[in-house]
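Given next, in structure tokens, is a single chain: the form predicted alone.
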């Protein structure tokens, strides 16, 4: 079981992903905006963060930069409707391990999370 944090300004998406990941046996928290997300990252130390690219206030890139400044370590998967590879590369350059495009393909999400879990638990050794 991994500790996950879903960060998205759309409450419905947070709820959907929380239910989905919890159903797969993971411990899931959600945040609707950047400041709350950073606070939860510091307190709960999630293994994986699903981070929306576009949100009011602090954007996904801003959150990733703040994570780096604060020394917060988590595997970040960016969620976005943008299919531009330059955008994806920008997130990867900041350490994102993956980008999932909206609308979500549930099986692709499950596969990506399953591929990442060995890395997550290796980091905890």
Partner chain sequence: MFFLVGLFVLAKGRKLSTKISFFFACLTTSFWQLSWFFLLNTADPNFAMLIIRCGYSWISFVPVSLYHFALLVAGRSQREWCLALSYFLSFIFLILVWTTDLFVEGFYEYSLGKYPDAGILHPLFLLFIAVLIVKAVIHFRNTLTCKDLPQVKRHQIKLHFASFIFYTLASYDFMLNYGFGLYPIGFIFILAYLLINGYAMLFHQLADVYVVIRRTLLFTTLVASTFLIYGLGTYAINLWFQNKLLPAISAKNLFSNTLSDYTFSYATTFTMLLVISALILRKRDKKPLHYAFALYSLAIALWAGFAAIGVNVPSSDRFSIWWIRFCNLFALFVPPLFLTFLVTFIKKEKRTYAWLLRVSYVVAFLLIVANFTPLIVKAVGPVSSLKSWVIRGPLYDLETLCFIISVVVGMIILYRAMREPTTDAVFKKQVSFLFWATLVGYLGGTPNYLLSYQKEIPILMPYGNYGIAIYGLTLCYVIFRYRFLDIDVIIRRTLIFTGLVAAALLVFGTITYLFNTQLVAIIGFGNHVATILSLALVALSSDKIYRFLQVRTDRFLFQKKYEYQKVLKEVARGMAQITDLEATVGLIRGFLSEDMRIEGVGVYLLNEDSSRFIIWDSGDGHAVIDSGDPLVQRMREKRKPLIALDLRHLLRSIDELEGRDHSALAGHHAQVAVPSFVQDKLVSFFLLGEKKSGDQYNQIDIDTLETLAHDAAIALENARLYDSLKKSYEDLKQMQAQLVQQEKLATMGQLSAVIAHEMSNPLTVIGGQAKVRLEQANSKSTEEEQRFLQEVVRQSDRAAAIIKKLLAFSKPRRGETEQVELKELLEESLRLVHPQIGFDNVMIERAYTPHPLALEGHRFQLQEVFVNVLRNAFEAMPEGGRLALALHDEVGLQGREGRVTIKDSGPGIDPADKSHLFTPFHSTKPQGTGLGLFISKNIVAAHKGRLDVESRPGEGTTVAITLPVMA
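Rigid core: the largest C-alpha set superposing within 1.5 Å between the two forms. Worth saying up front: this structure is predicted, and the values here are computed from it rather than measured. Residue numbers count along the first chain shown, from 1.
Another form exists, predicted in complex with its partner chain; not displayed. Remarks below refer to it.
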Contact label in the model of the complex: residue 82 to its partner chain, heavy atom within 4.5 Å:
yes
Residue contact check: residue 87 to its partner chain in the model of the complex, 4.5 Å heavy atom
yes
Indicate whether residue 12 is a 4.5 Å heavy atom neighbour of its partner chain in the model of the complex.
yes
Check whether residue 107 has any heavy atom within 4.5 Å of a heavy atom of its partner chain in the model of the complex, and answer yes or no.
yes
Residue stretch of 95 to 103, 26 to 34, 43 to 51, 67 to 75 approaching its partner chain in the model of the complex, non-hydrogen atom distance within 4.5 Å
95 to 103
With both forms fit on the core, is the shift of the CA atom of residue 22 between this form and the one not shown 2 Å or larger?
no
Rigid core aligned, does the Cα position of residue 109 differ by 2 Å or more between this form and the one not shown?
yes
